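Only one chain is included here, represented as structure tokens and corresponding to the form predicted on its own.
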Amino acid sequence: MSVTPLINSLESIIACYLRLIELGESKKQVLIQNKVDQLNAIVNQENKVIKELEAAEKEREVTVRRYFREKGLRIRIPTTIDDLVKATVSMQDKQRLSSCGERLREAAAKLQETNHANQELLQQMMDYVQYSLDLLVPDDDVTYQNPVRSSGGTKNARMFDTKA
């Protein structure tokens, strides 16, 4: 068995990562522009790509197992690209696998960076919304309380006094 099926399955995974990076960049712009309706469409597209990625991962696992079985080698779980490179005899195939592995690592790092930036943006948006709600809604119970027991001033000064 040649390494071409292995490289093809790795290329499929890289393509999924690159699409997720593009969607992540689009999501970043949508978050900055506060276009929530477009955010839902991007999340749906991401879910489709993630399903494709899962299928590509399963295909990669099958291909790796077949490759090792045909070579008469014992497979280690999890198998890394470095393991594949070691199991390959041809120098040209080793270079192709190494190059593909490097592109996969770069794409994974970029995807992780994009996801981290989007998580920070989402957290900032959530903090802002919570801050806005805290300004508008007092912490006091909305239900009736005995005015004698509820002594003292307000616990937290709010911008808007709902009792006024």
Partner chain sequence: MAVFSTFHGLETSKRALFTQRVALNTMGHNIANAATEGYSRQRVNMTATRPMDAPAFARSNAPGQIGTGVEYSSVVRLRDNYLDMQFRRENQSMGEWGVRDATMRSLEKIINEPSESGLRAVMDEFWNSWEVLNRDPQLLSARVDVVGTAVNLVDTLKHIDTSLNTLAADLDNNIGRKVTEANNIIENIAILNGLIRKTEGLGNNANDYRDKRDLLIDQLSTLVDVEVTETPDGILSITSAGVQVVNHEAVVPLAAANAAGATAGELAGYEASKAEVETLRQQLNAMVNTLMTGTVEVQVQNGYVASKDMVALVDVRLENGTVIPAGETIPEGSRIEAADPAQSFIRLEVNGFNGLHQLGYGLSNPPSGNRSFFTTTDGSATFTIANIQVNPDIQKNTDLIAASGKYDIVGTDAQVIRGNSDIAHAIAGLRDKVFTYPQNVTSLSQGTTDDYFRALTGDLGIRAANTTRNYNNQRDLVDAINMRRQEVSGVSLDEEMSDMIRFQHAYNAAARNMTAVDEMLDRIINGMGIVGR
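Residue numbers count along the first chain shown, from 1. Nothing here was measured: the structure is a model prediction, and the numbers come from that model.
The following text describes the form predicted together with its partner chain, which does not appear among the structures shown.
Enquirer: Have a look at E57, E102, E120, E70 for me and say which one sits with a heavy atom within 4.5 Å of its partner chain in the predicted bound form.
Expert: When its partner chain is considered in the predicted bound form, the option within 4.5 Å is E120.
Enquirer: From the list V62, A41, V137, M125, which entry has a heavy atom within 4.5 Å of its partner chain in the predicted bound form?
Expert: Of the listed residues, the single hit is M125.
Enquirer: Is the gap between E113 and its partner chain in the predicted bound form 4.5 Å or less for some heavy atom pair?
Expert: Looking in the predicted bound form, residue contacts with its partner chain include E113, since a heavy atom lies within 4.5 Å.
Enquirer: Consider I32 of the chain shown here, and say whether it contacts its partner chain in the predicted bound form, taking contact as heavy atoms within 4.5 Å.
Expert: Because a heavy atom of I32 falls inside 4.5 Å of its partner chain in the predicted bound form, the answer is yes.
Enquirer: Against its partner chain in the predicted bound form, would K28 count as a contact residue? Criterion: heavy atoms within 4.5 Å.
Expert: Result yes; K28 sits at the interface with its partner chain in the predicted bound form.
Enquirer: Report the stretch among 125-133, 62-70, 49-57, 94-102 that approaches its partner chain in the predicted bound form to within 4.5 Å, counting heavy atoms only.
Expert: Stretch with heavy atoms near the partner: 125-133.
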